[in-house]
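Let's start with one chain on its own, the form predicted on its own, as structure tokens.
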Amino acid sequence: MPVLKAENVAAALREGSTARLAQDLPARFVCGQRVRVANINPQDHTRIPRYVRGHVGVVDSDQGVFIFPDAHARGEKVAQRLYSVRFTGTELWGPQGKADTAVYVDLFESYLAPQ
């Protein structure tokens, strides 16, 4: 992995970059499908917010293929689909949550299981 030197930071920020990959991986989930988020507590990096772990949501959209950040944190470049998943307030916070509240969280495919 290349090292970003201090003198190159301004140019790197100006140019930007993306974690999106031009790979065509088959989608495991479709819009409208109910999914359960993994309830894991790894020792290393994960992008699963704690408040959605173990909860059920609905796939709202398929965002495409990206570098999987959990593997990237270990120096690996792994491609994985990213989905936007919608959760209701009552699913996340129980009776004190509002049923008409929607929370959208972008979650990688390996975090999800069919419900």
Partner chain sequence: MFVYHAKLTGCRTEVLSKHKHNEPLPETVLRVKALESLLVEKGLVDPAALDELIDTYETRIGPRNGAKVVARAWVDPAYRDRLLSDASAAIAEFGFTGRQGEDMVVVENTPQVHNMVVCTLCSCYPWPVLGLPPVWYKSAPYRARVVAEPRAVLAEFGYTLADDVEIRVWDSTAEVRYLVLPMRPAGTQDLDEELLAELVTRDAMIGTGLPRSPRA
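What you see is a predicted model; the values in this text were computed from it and never measured. Positions refer to the first chain, counted from 1.
In what follows, reference is made to the form predicted in complex with its partner chain, a form of this protein that is not presented.
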- Does any heavy atom of Asn39 come within 4.5 Å of a heavy atom of its partner chain in the predicted complex? no
- Query: Would Phe29 count as a contact of its partner chain in the predicted complex, using a 4.5 angstroms cut-off between non-hydrogen atoms?
  - Reply: no
- Query: Though only this chain appears here, would Gln33 touch its partner chain in the predicted complex if you measure heavy atom gaps against 4.5 Å?
  - Reply: no
- Query: Are any of the heavy atoms in Val9 no more than 4.5 Å from a heavy atom of its partner chain in the predicted complex?
  - Reply: yes
- Could you run down 63 to 91 and flag each residue that has a heavy atom within 4.5 Å of its partner chain in the predicted complex? Gln63, Phe66, Pro69, Leu82, Ser84, Arg86
